[in-house]
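Heads up, the chain shows up twice below as structure tokens, two forms, tagged structure 1 and structure 2.
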Structure 1
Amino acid sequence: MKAEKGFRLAVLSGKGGTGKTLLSVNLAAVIKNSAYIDCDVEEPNGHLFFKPEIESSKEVTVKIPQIDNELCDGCRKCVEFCRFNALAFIKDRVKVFDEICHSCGGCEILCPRDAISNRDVSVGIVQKGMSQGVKTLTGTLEVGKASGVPVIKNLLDEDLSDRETIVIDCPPGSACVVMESIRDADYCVLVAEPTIFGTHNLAMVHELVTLFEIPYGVLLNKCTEGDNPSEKFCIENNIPILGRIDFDPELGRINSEGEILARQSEKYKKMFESIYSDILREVAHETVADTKR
């Protein structure tokens, strides 16, 4: 069930450590009536900054097939069908590899003998909390589970109808968990570092958001006086630049201590407020451009 949604802003980057969580956390902290969703379910760390008071916690489960060996006649159709190779046929029995199964349900439908049913297996938890007016949602995937997608689905389906703006802190990279995280986003902010590697990572996520046809812009992080290949990439590809965060040891220090910059000093609060208003301006511009199309 999809609840009525506020404005969904997804923050992405091609790899970890670019300042994706820094930006997400601080934006959520300066936006009124906001929610922060941590979709980086393998390594959620937004809660380390928000230190929320946990209000509720629930288990996320997936359906894993269960074989009835009395009914199974060993036709192996299920084994051949499973494209994840989560099933094997050994010693006249079908063996299920729970950690590999993606819970597509295909084998269950396919089995000609109705020998396959399913059972619920826990893959992670979703926690809701509050931190100085910001609603926080954290998903944590259990170690070794096949995919974070079910946990992310659960996070994004939470009822946040009382929130105007929802900041989604995406997992790094451009794999299926990232696609799942941005599926319902209204706007994507790509965070990029001023290095050749940073540009490479930016190009990766850029490809992804263009594929999903979600409007987007780039925030240049850790900017210095020197060359910024990521900036060059944006200009060459006509990508809107939403703003810049300069390389700043003080900022790095406060952040590494697990503090939220915008809550620590007026200067940083202003900085993130201004980044947010630049994003809003860009979003408004996009909407106008969209109706013109």
Structure 2
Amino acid sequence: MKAEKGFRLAVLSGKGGTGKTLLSVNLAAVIKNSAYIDCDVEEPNGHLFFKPEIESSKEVTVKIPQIDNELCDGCRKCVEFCRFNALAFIKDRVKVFDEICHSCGGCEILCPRDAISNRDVSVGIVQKGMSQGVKTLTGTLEVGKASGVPVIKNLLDEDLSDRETIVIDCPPGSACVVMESIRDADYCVLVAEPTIFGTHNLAMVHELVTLFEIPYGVLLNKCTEGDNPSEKFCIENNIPILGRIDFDPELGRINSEGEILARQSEKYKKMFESIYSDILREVAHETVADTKR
């Protein structure tokens, strides 16, 4: 089973608990020469399954402006410039709100008195490791930090040129951290549950990948007998269904014990290999369709 070198496969869902990490870790485990990136930096848990041997760990920092009040003359140009309202003029001084600063550096460049410099502030860490041939990258946002985007950027900028396929385990939802996670994705897999609430969340991430114009398909998880609103949504909107995973107590037990299904059972290994084959076929179909357009 091979894919184009550097092929980036993003796995996302409208909420937590749908099986996004379940799919991500098992796909990475069955794909040869793969890398797994855990972009769910607020609560990463892929490492609990891979249990990687950590090879390196580095701090992620951002630049936050600091004001030299001796040089500042209160012109307020920096305050007027900042579109994120991270600067305010209070009691004859410029106040910096670290939590909403986007570290663009514009205020420092603009200041006519050179009263603004930058300091490095830690926002998280990135760890690299190996687990039975799978290269793992895990980002962890420090508690209390407002945005995981800098950590995710750091993860996605890592050199993975030696890997044929990179599986990106995205944060749940459709906020900025998810947008950052899928920015360079070649294909997205949307994981959905067979409920009305699951369909609502599927529609949310479907709108996002459509907006980004990234090819995508849906994996239906926890399927049972009877109506499946998420499947109906896919049919009505001509969305490719990449596969179905039935509700299975044995699958749930192995997964809850922090084990990778594809490494514990030949049955599950074949199941995830089949899902990946279906993804590759859909990617090939999209490539042909793009060529004809």
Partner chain sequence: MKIGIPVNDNNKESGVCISFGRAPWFMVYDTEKKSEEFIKNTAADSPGGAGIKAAQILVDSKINALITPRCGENAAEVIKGAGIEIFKSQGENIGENIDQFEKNSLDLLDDIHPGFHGHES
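Heads up, when I say rigid core I mean the largest set of C-alphas that superpose within 1.5 Å between the two forms. No experiment lies behind these values; they were computed from the predicted model shown. For residue numbers, the reference is structure 1: its sequence is counted from 1.
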Here the form predicted on its own is displayed as structure 2
Large Cα shift (2 Å or above) at Ser122 between structure 1 and structure 2, core-fitted:
no
### Message
Quick check on Ile214: with the core superposed, does its CA move 2 angstroms or more between structure 1 and structure 2?
### Response
no
_For Arg113, does the CA position differ by 2 Å or more between structure 1 and structure 2 when the superposition is done on the rigid core?_
yes
Core-superposed C-alpha displacement of Lys91 between structure 1 and structure 2, in angstrom, equals 3.0
